[in-house]
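This text opens with one protein chain seen in two forms, each one given by itself as structure tokens under the names structure 1 and structure 2.
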Structure 1
């Protein structure tokens, strides 16, 4: 009997310990997620800014010491054709890739296993004053007149202030997140412009005007709107909203920032409606009655008493709605066209942070620069939403105190 009691007490203790542990579960997961995103991504800033395993070589008379990824891209895209543009002599730039060696030498001259290749590459580079050669490290050219350009690593500035996101460009992939960040903000901003008046209007209707029966009917419907999977919204946007936008504004394609904003607005509505409505319904009856007793109309009472009283709750609704819009992935991926360029208007294709991750992670080799850049995008998104959710928390805290 006594023994049994001890047994049970031990078992109870273990159960209680387990319960405590599971209470800490969400905190542990959050810490884990943030650690993982940063550790997987932070390596980007130790990665050389040109493709791994390759280097750039120039003739040693060239005065240029190093090139930024941006400049490298301009050279290899033939946007810049003279070294003068980068402070060198006025010599035409001659872009050289490995396979161009066959323009100078036959296969026989390079040796059986290409063992003469480094030497011959060195000869070519020594001869051409304006050359820039993009070569794999295993065939590093040998010669007196050859100079290897110092490779820098991707900098914080390249990443956060870069205006080009071209992760697959060779020789220097560009990881500028600015167009993606702005694209995300633009689409979310547009969504809020549409969803706020609509959502707050419906919240006022539900909390102040609707009868009990209407409320009971509408609330589950709004919940249902929140339950529809985002991929279904994306599909609906693709086959209905995009063609409508295209026709209405006479655009070449319907997949634009505006289309994304419309779909996101619909998706953010349930959050805005339910949080704002809760806040308004919490207005004490006494305050409303006092206002009405003073001769105010119902509408005056709403915008002079109810809305000011519910201000913090309404702000929380707005913030949470923005959070919903910023993080949404599939629907946006399907309807915004995904052009990674600096956004200039609502009628052009844009690409958001989540859509970029979803579209590109599958093709990025694990551990590579592209993979790391995408994890950092995830980290940016994570920080965005964390700030949003904490500020919503603080705003509604204020109401209670």
Structure 2
């Protein structure tokens, strides 16, 4: 008997140490992932705003010293055609790329191994007062009339307040995350508007109104929704919900923020229902009986006794539902249209942060500006989910008033 107690104590100690080690490892892994995200992403603000390995060159008579990424995009997209728009002379902008050199010189004139290419590029730029040339550094033009535009680095304002997400644009990629952040918040907000009334209604029914038979039937069905893979929800939204939204609102396409909100609402329902229902069922039976004994009706007891007592649990359910919506990737990727534009309504295509990471990370060169910008998106999403998780924890620990 004494040996059994000793063995039990040893086993308890081992179990305690294993659980402590497990908790410590989990904490270390979370910290490591957080540091990794921020370390990989923060390098973006040390990278030039012009594509790596290239530079912009102008005629030395041009008064412009530098251009922002947005201004560079306007020039190369032919949205602005005169240097006067940027404070220069009223001279037409002439965009020049490397392959245009063959319009001026033959291959023989450039040398057998293109050793004369820098000199010839300098001649072209010297002759054209309004030229702006996007050239690789290895063929940097030579000449007294050639000037290289100053290159800045990506700034915090460019990234967090920029309204254009075009990471593959040349010569100046644009990494404005504002459309992605607003798209994520819009879709999540729409999902909560739909899911909260439905989820709380079902939770009240299961906790207060349903009989044992109905509860035993509906509870597994609700939990089954949580086990369906997100790609299945996405396929359902793409095939069923998107055409219905398109037809109902007479839209050009059905892949919109509203479609994404509907799918996310369905996916968030199990979390909201389960947490809220458990909170309501934990209301002491004596409080219900006392309310009924004082003459309150069933409904008065629910919304004046049960719901106020369970408000912290209901609040936690709401916060966890929001976290479920914000972090969803595959379903949103399939049904929102993936348009990285500033959202103005629920009836337009949008793109969310998780969908952007999933769609673009495989194509981004490791260590490049695009790669770093995506890791910063992951850091932003991490901060969002951290705030939501901490809020849920604080709410769930709040004492009942």
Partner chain sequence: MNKKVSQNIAFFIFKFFGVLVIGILFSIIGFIGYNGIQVISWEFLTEFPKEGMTSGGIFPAIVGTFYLVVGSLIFAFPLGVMSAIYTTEYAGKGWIVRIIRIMTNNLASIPSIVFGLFGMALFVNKLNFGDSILAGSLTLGLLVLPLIIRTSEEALLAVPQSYREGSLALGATKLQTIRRIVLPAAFGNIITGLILSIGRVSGETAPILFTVAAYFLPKLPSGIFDQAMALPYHLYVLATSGTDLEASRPMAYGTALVLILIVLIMNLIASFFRKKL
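Throughout, rigid core stands for the largest set of C-alpha atoms superposing within 1.5 Å between the two forms. Positions refer to the first chain, counted from 1. Computed from a predicted structure; not experimentally measured.
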* Asked: Which depiction, structure 1 or structure 2, is to be taken as the form predicted together with its partner chain?
  -> 1
* Using a rigid core alignment, state whether the CA of residue 387 is displaced by 2 Å or more between structures 1 and 2. => no
* Asked: For residue 24, is the C-alpha shift between structures 1 and 2 2 Å or more after core superposition?
  -> no
* Report, to one decimal in Å, how far the Cα of residue 15 moves between structures 1 and 2 once the rigid core is superposed. => 7.9
